[in-house]
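For reference, the chain that follows is the form predicted alone, supplied as structure tokens.
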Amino acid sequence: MESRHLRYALAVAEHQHFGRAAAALGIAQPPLSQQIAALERELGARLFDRTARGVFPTAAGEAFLARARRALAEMSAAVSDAGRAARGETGRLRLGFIGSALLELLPSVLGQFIRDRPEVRLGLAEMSTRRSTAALLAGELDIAIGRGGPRGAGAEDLVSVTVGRDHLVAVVGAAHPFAGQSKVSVEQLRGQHLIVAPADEEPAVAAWLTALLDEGTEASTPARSGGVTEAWDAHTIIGLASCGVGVGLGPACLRVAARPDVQVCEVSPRVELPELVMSFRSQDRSPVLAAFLDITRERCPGVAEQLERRLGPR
């Protein structure tokens, strides 16, 4: 029994006539009659009563046709579902990201992805660059977004592309001595109480900050005599700066989340931060991942060229 036999039987039941059913199916009447007769022999039951008034399902025929309708509907749904999955319209995407990616990158890329593919199940987790890289290598994530490229064992199995560049800015409250300045110098930062992301979340930034503030200081003098407060996200850095705790340091995209009671100052000389990098496993052939990468190509300048160098033309 094939799917066409189910369609033939349903057409005969709908038109109640072999000739009209054959015309609707686009076949001749004799082959249709022969196929229905062969189906009845296979089932061991008569499906239709042939009368002068027309062709009508028997009790066995009604039972068979009910199942046939559901079977054809399931087959059609299976074809549709397979196509949608192949196009990345369904499935799962697990994304790990640092908090600052939520300020500019993810509202653009992830926002468009959700609008285009609302049925994809998302697993989202804010985590440090180090943690997201480890989770990606362990198969617990599909994409990791962090500062700087992945390092360590297994990094060679990842594809990493730059999705953003940024530089350092300082955030101060309205009552801070730096308020009113468009720029603050590195020398001015030395000795200030600083509000920064934890070293575990931004190791590259933390290493730079230590080197920057240690530069030119006496060995016996604490470079950061004002102390350090760690804050996990941009809103916390800004909030603590507004309270007068100290000077917040972070990427320039902090301006997106800035409040009226703080001022964002450029740091002089300009300090480029490690690039914002998106990574995924090179052997991952998921259509959902491919769909996410397509949107990233469109939204992030230079990503298309980077991916072509790493993966070849689409």
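From 1 onward, residues are counted along the sequence shown. Given the structure is predicted, the values throughout are model-derived calculations rather than measurements.
Not pictured, yet referred to below: the form predicted in complex with the DNA.
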Practice problem: Spell out, yes or no, whether the shortest heavy atom distance between residue 45 and the DNA in the predicted bound form is within 4.5 Å. | Solution: no
Quiz item: Would residue 55 sit within 4.5 Å of the DNA in the predicted bound form, counting heavy atoms only?
Solution: yes
Quiz item: Heavy atom to heavy atom, is residue 35 within 4.5 Å of the DNA in the predicted bound form?
Solution: yes
Self-check item: Heavy atom of residue 19 within 4.5 Å of the DNA in the predicted bound form
Solution: yes
Quiz item: Among 261-269, 243-251, 47-55, 280-288, which stretch has residues with heavy atoms no more than 4.5 Å from the DNA in the predicted bound form?
Solution: 47-55
Quiz prompt | the DNA: the contacting residue among 66, 28, 256, 60 in the predicted bound form [heavy atom, 4.5 Å] | solution = 28
